[in-house]
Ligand code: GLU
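Taking the form predicted alone, here's one chain by itself in structure tokens.
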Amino acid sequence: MFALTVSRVRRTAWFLATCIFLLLSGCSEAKVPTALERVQKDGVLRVITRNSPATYFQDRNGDTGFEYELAKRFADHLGVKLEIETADNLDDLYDKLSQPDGPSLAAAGLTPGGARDAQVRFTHSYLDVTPQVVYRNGDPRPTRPEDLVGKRIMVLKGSSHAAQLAELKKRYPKLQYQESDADEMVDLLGKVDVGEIDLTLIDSNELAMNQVYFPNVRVAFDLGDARGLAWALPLGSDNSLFDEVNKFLDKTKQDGTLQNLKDRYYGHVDVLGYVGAYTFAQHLQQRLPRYEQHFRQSAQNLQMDWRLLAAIGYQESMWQPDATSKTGVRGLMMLTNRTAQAMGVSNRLDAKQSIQGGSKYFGQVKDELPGSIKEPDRTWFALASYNIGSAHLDDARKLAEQEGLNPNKWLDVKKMLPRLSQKQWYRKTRNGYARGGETVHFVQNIRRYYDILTWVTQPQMEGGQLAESGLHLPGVNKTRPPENPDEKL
């Protein structure tokens, strides 16, 4: 009896051991994939960012922005597609990143330190920036932290700048400031520029990119030392994706990728505006004669005024066939590689091909506008679409309609375009942030160049459609420009 019991115990033990082994084997085979393996298996890297000029936005060339470019390179490094998601504000960004089914990482010009360190983990830094206090030119200039007391100050809610002011308030209890979750940095710069607030804090890289649009904004002083921007990943014990990001960022520092992106987005500031009548007059004599025949030929083929095409060429490159921008567009008409291929241009640096391709593309953009937009507004809308893209132009037209304005009139829509760079407005649009103010300058500059070309050349009608459009009216006084170009057309 005892032997039988022992035998049963042994069989039971063997059976249990076998079951445990099989269960453990099954668990081993069904191992939970790491964060990096999940991204590679899904074939998608989900990244959350901010819709702003220093991070991510869309222009006529498609998705762009410093953070977007860097994230796209990381996705390419992993061999997966990049999927971008934008957050309404920084609190929203961190909350979404912390959700179980949230994005893989946040790439949004983030600064480690403070309470955020307990919510996420930050990667190695990739860009050093300096926090700066900015004020309005003409107002007394603050030179030290205690000068901030008594000023109207606004910063982004949940930002590192808000954390800096919170620390300062411990030293200066009378310091007051507001935190906004309804603005982006360009909005705050705009408020300083017009005197709505006295001061704001901004990182040096964002100021370098945007100061040209805010002529009254000046740097008061640096608030602290330079610090590094970093990406953020969710907390957890899985280091696979975190380690891979750090390896990638370190590599981009070593191979020059980061430096190239810095030079492209922050190394130069685009200077918009009229270059001056004297300089333009010189170029009329020295440069235009080399390319005038190409403009005339393209205009004849497209039933357009060659002077308008020449004005576009001057705005784009100042009639320089070897011009190259920091974003990679090239040639006299500054074509992207994609546009050049679509227009049949094999060499963007060949002036004749560039003029033909750019003119053809402009004609195509103009033809695609809604039929409800009539001349002369149709030409100005076409210029705007040529610069900013049809999607953002549609957003501006819808904003105009919502304001009770005419979405088919350039005078009305150009009032709305700058709103595409203001968070309170672009968050309501379908296509998000865009440099609408830059587009207004683009169109205005071309109209100035076009007017001057018209004044200094004999009026000629290059086609019946031109005569019907009213874009070139015989008998216009050539001795002086009209007082209001919008009234002329």
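Since this is a predicted model, take the numbers as computed values, not measurements. Residue numbers here begin at 1 and follow the sequence given.
Below: the form predicted in complex with glutamic acid (GLU), not depicted.
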| item | value |
| --- | --- |
| Glutamic acid (GLU) in the predicted complex: contacting segment from 363-371, 167-175, 153-161, 326-334, heavy atom within 4.5 Å | 153-161 |
| Interface membership of residue 358, glutamic acid (GLU) in the predicted complex, 4.5 Å heavy atom rule | no |
| 4.5 Å heavy atom contact, residue 90 and glutamic acid (GLU) in the predicted complex | yes |
| Residue 116, heavy atom within 4.5 angstroms of glutamic acid (GLU) in the predicted complex | yes |
| Distance check, residue 111 to glutamic acid (GLU) in the predicted complex, heavy atom within 4.5 Å | yes |
| In the predicted complex, the residue from 179, 206, 187, 412 that sits within 4.5 Å of glutamic acid (GLU) by heavy atoms | 206 |
| Proximity to glutamic acid (GLU) in the predicted complex, single hit among 233, 229, 351, 416 (heavy atom within 4.5 Å) | 229 |
